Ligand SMILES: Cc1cc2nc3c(=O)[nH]c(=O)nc-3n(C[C@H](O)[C@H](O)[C@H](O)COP(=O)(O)OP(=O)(O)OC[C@H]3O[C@@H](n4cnc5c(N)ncnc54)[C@H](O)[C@@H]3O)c2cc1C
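Take a look at this single chain in structure tokens; it is the form predicted alone.
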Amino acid sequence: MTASASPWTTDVVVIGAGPAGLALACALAPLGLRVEVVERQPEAALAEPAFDGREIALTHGSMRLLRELGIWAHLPGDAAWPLRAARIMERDASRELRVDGLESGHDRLGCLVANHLIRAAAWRAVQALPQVRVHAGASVASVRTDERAAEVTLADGRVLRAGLLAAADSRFSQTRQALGIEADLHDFGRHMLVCRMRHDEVSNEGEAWQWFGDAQTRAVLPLDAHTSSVVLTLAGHEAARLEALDDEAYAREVERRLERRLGPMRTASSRHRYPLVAVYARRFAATRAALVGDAAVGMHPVTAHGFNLGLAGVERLAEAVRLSLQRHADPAHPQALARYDRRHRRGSLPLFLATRAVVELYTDDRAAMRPLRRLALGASARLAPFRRALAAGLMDEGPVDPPLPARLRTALDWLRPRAH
């Protein structure tokens, strides 16, 4: 669409300045597009995000993309902690599945970076892009799209007209609702309680734990050798009770729930509680509009892939926009958005469904389910090809959508026996 014929005041409007929205702005600006980001939080909160307790497990693929987008360069030098291995345990921990990077020739599966540091780095990366303008402290009054433009009216009366509208405003996205896109939401009836804990006598060895059973899920995410983020997934009333404890009582509670496997503990941060709700949009694209991040897919955190999946969606949408500009001189040609919808659905649905299945199997504490869980975990632990494939999935080294032959070669490579 030529400039003289265009009804647009800008090229792209992104609603939501979380990591997915800002990463998308960083991906689209180099294509020569003018990008306007609308965010209800004030600028100060975007520039200096508060610690929120969430530690993000980044795959190798996500680290690559953050570097390419210029975001990684704005992280503090000590922000990334190596994630060397993952242990998955059930109830009494007599059986476990251990996955590490060494099985695929790497020294780590990925790394852990605090969510608030990623948000701050993304903000600084956006500030370096003259093509991006952020409307902080701005609320959206209405959204409308047609074949010619996407129109966003702000609460103060300003109107932004763009070629493409991207919704990145959380799993409870109001933009998604305004576009008439349905989504399947599942409330797990549990809350996640997170806090950094110090354990001076025992090292975490750079290993993450996912420990199921006894009406709770316990996760340990390694930071430095003697500091871990401990994540307890509990019924809402129990999470609220623990949240209200003083630091000393909370530390003793965490020690007990971890069976003192990390020795004496003390709190090293504030505590934060989040309800667990998963969401999967029925469509990822509409007329001149697309969903990214949690607005498209909001994952249960058990597989630690929610953030990585959000970045994958950013990369897929940016590639669709690039091709749309190349072929149609339009950032939101229907064929391009349909392609994004297909690719992101193909890349996200298997993981989403597998995560739901894992959660339902390993959080169901009925006695009849326990033998099945032990059988599944024991079989997985004994199958070296499965462990290698799982390690590859956790690391996610390659491009977002490798060609099918490459995928087939990779799968066959993992299935070949390895010399010991």
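Because the structure is predicted, anything quoted here is derived from the model rather than measured. So that there is no doubt, residue numbering starts at 1 and follows the sequence shown.
Omitted from view is the form predicted in complex with this ligand, to which the following refers.
Segments offered: 170-178, 69-77, 234-242, 317-325. Contacting this ligand in the predicted complex at heavy atom distances within 4.5 Å is 170-178. This chain appears without its partner; in the predicted complex, the one residue of L97, A278, C195, V140 with a heavy atom within 4.5 Å of this ligand is V140. Put simply, of R34, R356, R64, R40 only one has a heavy atom within 4.5 Å of this ligand in the predicted complex, and it is R40. At the 4.5 Å threshold, heavy atoms of H305 reach this ligand in the predicted complex. Although the partner is absent here, A17 lies within 4.5 Å of this ligand in the predicted complex, judged by heavy atoms. Contact annotation for Y274: at least one heavy atom lies within 4.5 Å of this ligand in the predicted complex. In the predicted complex, this ligand sits within 4.5 Å of a heavy atom belonging to G293.
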